[in-house]
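The chain below stands alone and is given as structure tokens, in the form predicted on its own.
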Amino acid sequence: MLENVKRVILILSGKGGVGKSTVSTQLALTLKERGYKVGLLDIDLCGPSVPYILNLEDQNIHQGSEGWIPVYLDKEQKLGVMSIGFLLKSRNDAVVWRGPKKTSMIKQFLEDVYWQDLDFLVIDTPPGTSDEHITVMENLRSVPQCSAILVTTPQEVSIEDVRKEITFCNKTGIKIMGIIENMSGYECPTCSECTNIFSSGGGKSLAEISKLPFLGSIPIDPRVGALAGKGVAAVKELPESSTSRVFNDLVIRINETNSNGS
């Protein structure tokens, strides 16, 4: 089902709690706002938060003649979403599966979802370098335009885990588009002053050491946090925010790499 997908973007990190799902959803929403047809695949089977973030929790997956039909955010079907969260009765339900069953589920998501023609498929992955990631990599080898965005927070423990993710991508042949530093300080919603409550610059330093592009720093912004559960893009609701600037620049960079064919 991926033969009609022009480009796949993996959102990866070495540890949980760094905001991969927020980055995934806001990137997908930003691409949609720019007129692209986008798919968002949530393969974080044990922590599927995408349905909640996009206000789609009450939706159900339907089986069509071509395969599973994604849940669409809009009537124009510019953003389709697939997540195991749609198969659970409640947000509180736990997915207690061994590795083989997780692998089988991810293969179904990658092979049996009828995305139709997509400009971009954004994949929100679980933390680490587990069986789920290996399954994704094996199924994406035939996709010519596939790259990864690595998400970290400023703390040293997160940066060290992202180093392992870089090694994983290099070993599996996944091109790394660059590194985003999330939760990079606290941005006051009234005066826009940013305070480094953790630390800052770790993601940029890691990018420089690893000779990878640095894609920007996203601060903790309560206004952006309030968008969770509404399914709206920061670039539309908060166009002057630092978060919106990062995602606008990211889409420009993605378009440039598309033009260069790399």
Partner chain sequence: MTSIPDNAPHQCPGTQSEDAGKASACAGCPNQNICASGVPAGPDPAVELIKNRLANVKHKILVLSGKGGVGKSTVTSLLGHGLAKLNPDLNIGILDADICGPSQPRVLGVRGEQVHNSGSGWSPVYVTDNLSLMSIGFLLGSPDDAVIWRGPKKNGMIKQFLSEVDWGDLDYLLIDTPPGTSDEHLSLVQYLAGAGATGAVLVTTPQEVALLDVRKEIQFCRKVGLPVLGVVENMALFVCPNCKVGIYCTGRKRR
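What you see is a predicted model, and the numbers here were worked out from it, not measured in a lab. Numbering follows the first chain given and starts at 1.
One more form of this protein exists, namely the form predicted together with its partner chain; it is left out here, but the text below deals with it.
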Looking at its partner chain in the predicted bound form, is some heavy atom of each of P127, T167 and T195 within 4.5 Å of it? yes
Heavy atom of E111 within 4.5 Å of its partner chain in the predicted bound form: no
Does its partner chain come within 4.5 Å of any heavy atom of S49 in the predicted bound form? yes
Would G17 count as touching its partner chain in the predicted bound form under a 4.5 Å heavy atom rule? yes
Any of the heavy atoms of Y186 lying within 4.5 Å of its partner chain in the predicted bound form? yes
Counting only non-hydrogen atoms, the one stretch of 39 to 47, 63 to 71, 233 to 241, 26 to 34 within 4.5 angstroms of its partner chain in the predicted bound form is 39 to 47
Do any residues of 148 to 178 have a non-hydrogen atom within 4.5 angstroms of its partner chain in the predicted bound form? If so, which ones, in sequence order? E156, V157, E160, D161, R163, K164, T167, F168, K171
